[in-house]
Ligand code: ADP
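One chain follows as structure tokens, the form predicted on its own.
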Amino acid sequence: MNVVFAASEAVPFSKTGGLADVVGALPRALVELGHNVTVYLPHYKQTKLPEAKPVLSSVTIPFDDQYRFCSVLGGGKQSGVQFYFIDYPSFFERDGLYGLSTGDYPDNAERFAMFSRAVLEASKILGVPDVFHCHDWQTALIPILLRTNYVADPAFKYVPVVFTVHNIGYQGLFSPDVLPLLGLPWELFTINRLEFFGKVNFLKGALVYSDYITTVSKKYSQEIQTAEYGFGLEGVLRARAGTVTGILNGVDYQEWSPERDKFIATRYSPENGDLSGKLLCKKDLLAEFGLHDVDPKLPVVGVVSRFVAQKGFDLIAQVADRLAREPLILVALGNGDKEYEDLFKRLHTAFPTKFAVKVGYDNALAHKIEAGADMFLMPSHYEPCGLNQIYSLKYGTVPVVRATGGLDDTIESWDPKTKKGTGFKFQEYTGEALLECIRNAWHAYADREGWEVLMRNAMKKDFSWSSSAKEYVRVYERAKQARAG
């Protein structure tokens, strides 16, 4: 099967979040199953493409005010996956992928309309796929265009679209004025299509026009059909419930495994029966954060995250003072909302041996936290899938999570009597529930023999991409059959 991926980011070329990890890894897993995969990405300022050459020197993209002309750069093959990049410097040669700290770029509708149309036009020349697999609102115009402006194009008559929602909180909302600017018909501005409380909603259009819809965990596919988690689109999803499915993200164990990690102090594995390497990693982690005079027997709780309310940092703020009195050390890496960056800075100032923070993103330090922490904290309000809790399992770093989305799907509650389970979960979205869960984890940590069983349970879990890739293939096949009629 020939599959074309369209996405706004993918490792190793560009990244702001988990979307990039998925689009970097899933195509490789599909190739290993014998399929042909092509990935289209924007060519950003941050994209490293030494000596890239145009494979299409000029692609015409109509806008209401003028024609614009982009090119397609060849990115070659990586692990059997062909990469192409849409190049239009005035749109993509910018400091941020989607915006700056002051907000999103005001012309994002035009930027990603250019990208989506260019993918369709390039595909007609470089290879029409058996299925398009599109990701998040930045590529939502592909299914919309296919069923409107391109509906009479024989090249795409039987080509279905599978659309993956990575985070329904980001929808691509714009003024209705963008419809004529992008050459889209006004008939789309109705409640049954793209209209959403007086605005144009790109994601809504993708949910309406795609053949099949996937999300990144089974629990999240159910949650987004409710008012609490659907961000206003739950009705659209319930109307299409027969085409909605949740497929858990896999992870790349070539990069995230203590047996081969190049960033950590020493490698370790449960296979050799010796987990002493984790203690060396813990001491290295404490040194990285300047915590030289602390008791290494205290449990270290790690955090690697965007500092936003969605990730549960409002709960941490609620109980921070009491958390400081618990027998543990918390180290955090991330950036985001200023109030949460400032929260961690204040906590470090007030409790320098209990809280440590580094604001920003540091890939090597993220690996050190996964290997050196005893527990990994993810108290998210909602979490479509989450990857760090899965990485943590492999490193024997016990997850402490809220039971939502992929966190609930991937973590099994520890039972000290049966010695089964892989982590700790809480249900209610309150600071009290979070604090009680952390205390339960601390009490389990005090039983060193039981804790080692828990660590080994976690490290045995396998969330590699192979099984998830097979599920995607089944969705592709169903989409093809549905489009063929």
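Computed from a predicted structure; not experimentally measured. Numbering starts at 1 and runs along the sequence shown.
The same protein also exists as the form predicted in complex with the named molecule; that form is not shown, yet it is the one meant from here on.
For the named molecule in the model of the complex, the listed stretch (77-85, 284-292, 148-156, 310-318) containing residues with heavy atoms inside 4.5 Å is 310-318.
A single residue from the set Pro296, Gly360, Pro327, Pro106 has any heavy atom within 4.5 angstroms of the named molecule in the model of the complex; that residue is Gly360.
The partner is absent here, but in the model of the complex a heavy atom of Met378, alone among Val161, Met378, Leu393, Val331, sits within 4.5 Å of the named molecule.
A residue is said to contact a partner when one of its heavy atoms sits within 4.5 Å of a partner heavy atom; Pro12 fails this definition for the named molecule in the model of the complex, lying far away. Looking at Ala25, you'd find every heavy atom of it more than 4.5 angstroms from the named molecule in the model of the complex. Remark: Gly302 does not count among the residues lining the named molecule in the model of the complex, judged by a heavy atom distance of 4.5 Å or less. Using a 4.5 Å cutoff between non-hydrogen atoms, Gln138 does not count as a contact of the named molecule in the model of the complex. Along 373-402, a non-hydrogen atom within 4.5 Å of the named molecule in the model of the complex is carried by Met378, Glu383, Gly386, Leu387, Asn388, Tyr391, in order along the sequence.
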